[in-house]
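Starting off, we have a lone chain in the form predicted alone, written out as structure tokens.
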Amino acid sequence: MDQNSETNPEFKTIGLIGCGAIGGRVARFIQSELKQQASLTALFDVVETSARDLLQSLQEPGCQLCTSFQDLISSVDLVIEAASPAVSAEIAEACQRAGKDVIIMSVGGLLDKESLWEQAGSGKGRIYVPSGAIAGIDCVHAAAVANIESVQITTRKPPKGLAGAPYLVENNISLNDLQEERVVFQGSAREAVKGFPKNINVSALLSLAGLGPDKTTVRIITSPEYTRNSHEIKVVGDFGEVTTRTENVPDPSNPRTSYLAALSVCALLKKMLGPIRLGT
């Protein structure tokens, strides 16, 4: 079946908050691949030039710049957050107040916001989270219907992909002269997200799908030999055991994230807007 043969009537207009590397890729995907189902009609970024540059590159006459994310939310059917963990919870809350559905990329910003998940189930606006840069979320989500004993994730990134992380700064950990592989963090997903808010979003997603942020174990390793971001996940439960390993090419415009993260948003949009929905 042609996925362009039907349109989801819920989402005719889409607004994008965050016009950086990932936001730009998603915007161009909507314009080129989903134009029969929906339109990108609003952009916002705290750095106005980023939003303006993206708008000019799109050359989309029906798209406009908004002066605030609140204005954007009120003007569209579906909101996509591609901004930052520092504001993702505020954006999700604003969407719920407006009764709008939202795709949240910076899911790490939602870990301490339990009320968001409760309100999302009361018909005030749904929260969608793409699978990001890891494989196996469908499996973890399914396994959580029964019992999960343990969830572990080991993330490997080049030093430049971790540069500036609060955990490294607070613990005086320098990676400038690193000569060999080094474990720079071991702890819970909640601790990892606080210490590496722009680097380890995948652990937040994994924790929400499985055992929660306090029972999900995270290990972060770096080495000057690494050229890709990789994530190895092991889950044990009533269903059995599963191990996945994802090796990702860093986004050329942002080495802290993976190219697959942007692609996962595009795939989620295609699933939401199309007549075929594969996977859990």
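The first residue of the sequence shown is number 1, and the count goes up from there. Everything numeric in this text was worked out from a predicted model, so none of it was measured.
The same protein also has a form predicted together with a small molecule, omitted here; what follows describes it.
For the small molecule in the predicted complex, the listed stretch (219 to 227, 236 to 244, 46 to 54, 30 to 38) containing residues with heavy atoms inside 4.5 Å is 46 to 54.
Taking 206, 105, 192, 95 one by one, only a single residue has any non-hydrogen atom within 4.5 Å of the small molecule in the predicted complex, and it is 105. Proximity to the small molecule in the predicted complex, defined as a heavy atom within 4.5 Å, holds among 73, 133, 110, 137 only for 133.
In the predicted complex, the small molecule lies within 4.5 Å of some heavy atom of residue 201.
A residue is said to contact a partner when one of its heavy atoms sits within 4.5 Å of a partner heavy atom; residue 85 meets this definition for the small molecule in the predicted complex. Within 4.5 Å of some heavy atom of the small molecule in the predicted complex lies at least one heavy atom of residue 22. The small molecule in the predicted complex is approached by residue 261, whose closest heavy atom lies within 4.5 angstroms of it.
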